[in-house]
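Listed next as structure tokens is one chain, alone, in the form predicted on its own.
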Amino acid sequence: MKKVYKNAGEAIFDISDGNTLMLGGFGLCGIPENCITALEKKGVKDLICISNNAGVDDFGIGLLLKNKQVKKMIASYVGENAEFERQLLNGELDVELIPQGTLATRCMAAGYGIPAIYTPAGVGTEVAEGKESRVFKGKEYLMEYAFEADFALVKAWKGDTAGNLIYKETARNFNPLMAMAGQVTIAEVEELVEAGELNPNEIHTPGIYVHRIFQGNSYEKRIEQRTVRKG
């Protein structure tokens, strides 16, 4: 099975209008920058995006929002994106806000082949409206379905031609969970090496979960909020 692709544009060749995408990252840390840029250039629209957050106005998923390429955003935090706020308040964007732990667990369930999970998060709030619940040992839990995503787009520090991935520190975040969960997982890496060159004890995502991989370029690695002390 061919896994190595030349660049992001080739790797996302079959992502089309209306697809559901998982996008790794937390804030601007560990996001699939090259894949997002390629999607922006390709112009696919009506996307359903599952991500911890929606990027910022001019970076990350914010680029897709700016171009009106996103139909629905499923996320747990969206506070740094003014364009997201504008589209939401004007009724231009469908939004589903999910507790962060629930978001992570629904990704995990998809990767493990579990159709649904029960969680106490959201019980008694708007999150619970229209959802089935059950009581276990006297405590109420909501049933949440595993995500169904056509593609998972993840970013790793280093990978090999067999698709094995190693993430760098906090850039690990949602990437391993989403890498397991997509019907097709596309990984971009800062460094691509031959199979066998990675230490097996350091691999976070086994290559069996990764369908396509390429070495990215021009990573900005922005800092979302910079706070410094006075000298």
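A residue's number is simply how far along the shown sequence it sits, counting from 1. The model shown is predicted, which means the values in this text are computed figures rather than measured ones.
One more form of this protein should be noted, the form predicted together with a further copy of the same chain, which is absent from this view; the next part is about it.
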Any non-hydrogen atom of residue 115 within 4.5 angstroms of a further copy of the same chain in the predicted complex: yes
So in the predicted complex, is a further copy of the same chain close enough to residue 150 to count as touching (4.5 Å, heavy atoms)? no
Using 4.5 Å between non-hydrogen atoms, is residue 108 touching a further copy of the same chain in the predicted complex? yes
Can you tell me if residue 167 lies within 4.5 angstroms of a further copy of the same chain in the predicted complex, counting non-hydrogen atoms only? yes
Check each residue of 118-157 against a further copy of the same chain in the predicted complex and list those with a heavy atom within 4.5 Å, in sequence order. 118, 132, 134, 136, 137, 141, 143, 145, 148, 157
